[in-house]
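Next up is one chain by itself, shown in structure tokens, the form predicted on its own.
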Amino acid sequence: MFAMNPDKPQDTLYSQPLEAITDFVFDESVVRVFRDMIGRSVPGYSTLLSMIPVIMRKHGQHDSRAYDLGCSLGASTLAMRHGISHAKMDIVAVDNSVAMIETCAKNIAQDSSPVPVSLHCEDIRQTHISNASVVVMNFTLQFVAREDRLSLVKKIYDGLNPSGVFLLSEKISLAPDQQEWMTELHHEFKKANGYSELEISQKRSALENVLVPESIIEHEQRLREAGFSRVMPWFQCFNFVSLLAIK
């Protein structure tokens, strides 16, 4: 499965034994290899991205905004951009990593779409959301403190227009017997993409206190508590799920 792309720096951040494993951060070293990292770590990621333009064409509203919360290098932003069919619609892309935003800006500048994108380097908990028809959060909520997740989702709901949609993608936790099985499959996926046992183990330790997954039931309950009338899982690959919530 794994093949090197010379134009995409390879993720080797955890390839050598580390004396001390610190908490994972989205710093410049991660940004440099992030495209390779997420493609080799998140099963189904490319398929998920390819469906965003479909969702945008269906749910994007004239004279409204779309938000990409936790935009990283802009992959979701670009996918949204190419799904917009309304002349008067723009995108707000937000990330709290300076290195991510700087690279995202370069990627947007090289893109052919004329859809305006406003970049904001800030904590998404501080982002003002209004006149939104689509909000996307791909593997971002899992990095937000659990006690802040409901208020953030409520803010997204309040900022959406009637019939607006919230696309939420997350790594999820499962029942113990299912969790072990899915974790093994996820690790096999990573090995097939060239990661060693050492890399998998060290990165898992680095993420342990940073990425806090929840069950799909917890996500659905939170979305309904925030006010969403319809919540449906539309994509899953192993223990990675994407939900579509409609206001």
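Residues carry their position along the shown sequence, with the first being 1. It should be emphasised that the depicted structure is a prediction, and the values quoted were computed from it without experimental measurement.
This protein has a second form, the form predicted together with a small molecule, left out of what is shown; the following refers to that one.
Proximity of Phe143 to the small molecule in the predicted complex falls within the 4.5 Å heavy atom cutoff. Proximity of Asp158 to the small molecule in the predicted complex falls outside the 4.5 Å heavy atom cutoff.
Residue contact check for Met80: none of its heavy atoms lie within 4.5 Å of the small molecule in the predicted complex. At least one heavy atom of Ala75 is located within 4.5 Å of the small molecule in the predicted complex. Shown alone, this chain has one stretch from 173 to 181, 104 to 112, 120 to 128, 159 to 167 that lies within 4.5 Å of the small molecule in the predicted complex by heavy atoms: 120 to 128.
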